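Here are two versions of the same chain, shown separately as structure tokens and labelled structure 1 and structure 2.
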Structure 1
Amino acid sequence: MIRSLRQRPWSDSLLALACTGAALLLAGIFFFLLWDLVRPGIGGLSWQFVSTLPAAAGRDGGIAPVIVSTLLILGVCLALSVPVALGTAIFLAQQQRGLPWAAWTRRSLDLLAAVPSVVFGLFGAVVFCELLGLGYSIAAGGLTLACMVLPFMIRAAEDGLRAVPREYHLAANALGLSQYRLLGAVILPAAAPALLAALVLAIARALAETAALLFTSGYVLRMPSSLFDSGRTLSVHIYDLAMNVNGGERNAYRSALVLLVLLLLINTATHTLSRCLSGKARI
């Protein structure tokens, strides 16, 4: 007791110094990184860059087909993952502890969340590209991403649904309301901000993903004409310009900036939207 009191002066301040130093170090790296990423790319960033076709393997020109492919892959991914994730989340949120196969589903999803993305790529290459015969295509890439984001989406959505007070369930049951009415009129509106957050989490993950797409949606830089064409997302484009194209850095910087801005926009938009939603529920 007395010893620890006497220890205070030097060990306390040493610890404070070390912790503050660590925090400063990481903040420094962060701002350096941000500056380093933004400075070279910001000059060439324009609407033209986003809306024109690439030239010389992406070295010159814009990224219009890349944007289109990214949106298409994201669309396929969400079209499949949202219904499955929402259904599963509602199912899991209703289950009380104990039910063996709800517990099993939850455990398998937790494990799925720990699987490295490149392994999802392998899985997608076998099942979607070969077994379903989709080849390197936007559809195969979207399906692979859907499998990958599923556990994150479900976990976030389930947490949101579980946060809705149980009293509403009791009240609804005591009034003989159908589940359809309870979900549609009470639970889903009350959980809307959390569900939106789950969606954004999934979108952010899907946009950031590269490894799972390299050999499912492929590299092709042309404008896709259907979901069964190969197409590359922004992140694949950045990778390709950085690694495989000599002199591709300039456009890689710009594409990285586009991706960052896109992520930031989506995040801010949902933040605002969910604040509006939860505000409306309170008024």
Structure 2
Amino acid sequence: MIRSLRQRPWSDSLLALACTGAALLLAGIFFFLLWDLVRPGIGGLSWQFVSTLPAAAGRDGGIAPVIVSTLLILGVCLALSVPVALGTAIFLAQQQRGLPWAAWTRRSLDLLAAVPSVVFGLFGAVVFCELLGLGYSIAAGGLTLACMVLPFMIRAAEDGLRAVPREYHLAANALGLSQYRLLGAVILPAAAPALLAALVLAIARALAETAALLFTSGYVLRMPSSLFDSGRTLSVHIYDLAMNVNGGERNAYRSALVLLVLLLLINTATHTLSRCLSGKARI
């Protein structure tokens, strides 16, 4: 006989209360941070601020070249990291489950995920800026970010692929589907929400990064003409205005608000796409 809610042990009620309190605390922290950005930054936020060039070291004018540099660096990062992460995750989860070195590969990825970003910045400065001759450039910054987000993407994507029910594999094998058909029509659509969640985590980590980009992409405040020009991202711009430019705090808050809005738009788009792809696995 199922016990009613009033007959639950006090430990269950205490656990439910603790979980509810933790969720409310997290939501409160988010809204506090949001209010802390909106209150000083919403006043001067306009299309002119987003679309015009900066002036007076960034304390006046807009952030158009900063947004362009941010999107270019993010594009380079995702163009390299997404196919590599997806291929590695598929290989680990579907093709080589029993290989002895698979566990060491996963442990190496976990260790790389714990490496501080400044170490990746030094690595990118040596390998991409000096050895490959890219110098302080958008390409070097994007490649460095790709190396930094790969461990998160691979592990999250692998977990999503492993979470696909085994019945899907059995049904596809019973119908005689090829591995390519099984992967493209069944496994990937079923794991799409987890794969998109991994993509969101990678984008958030890349957009929020500052230390690694100071060593690789630089912080030149001008409109880039190619991937081999130096560029300043939003996170670096916020840091520079807050720490090095007198009177730049107001534009720093506005830039931080733009960065938050950009993250929310990306998160909303991927969430919508995830809902559209959920349940579309077909045989």
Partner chain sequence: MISSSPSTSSPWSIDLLLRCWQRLAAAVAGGVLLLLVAYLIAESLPALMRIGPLALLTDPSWHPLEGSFALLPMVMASVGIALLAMALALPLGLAIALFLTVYAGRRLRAIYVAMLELLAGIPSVILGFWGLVALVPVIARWQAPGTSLLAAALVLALMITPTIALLSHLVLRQAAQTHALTTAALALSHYAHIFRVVLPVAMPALASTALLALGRALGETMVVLMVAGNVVQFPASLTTPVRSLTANIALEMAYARQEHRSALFVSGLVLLLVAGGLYFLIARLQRGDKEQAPVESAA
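The term rigid core refers to the most C-alpha atoms you can superpose between the two forms while keeping them within 1.5 Å. Just so we're on the same page, residue numbers count up from 1 along structure 1's sequence. Treat the numbers as computed from the prediction; the structure is a model and nothing was measured.
S.K.: I need to confirm something. Of structure 1 and structure 2, which is the form predicted on its own?
M.R.: That would be structure 2.
S.K.: Determine, after fitting the two forms on their core, whether residue 29 shows a C-alpha shift of 2 Å or more between the two structures.
M.R.: True for residue 29: a C-alpha shift of 2 Å or more.
S.K.: How much does the C-alpha of residue 16 move between the two structures, in Å, given a rigid core overlay?
M.R.: Spelling it out: core superposed, C-alpha of residue 16 shifted, distance 12.7 Å.
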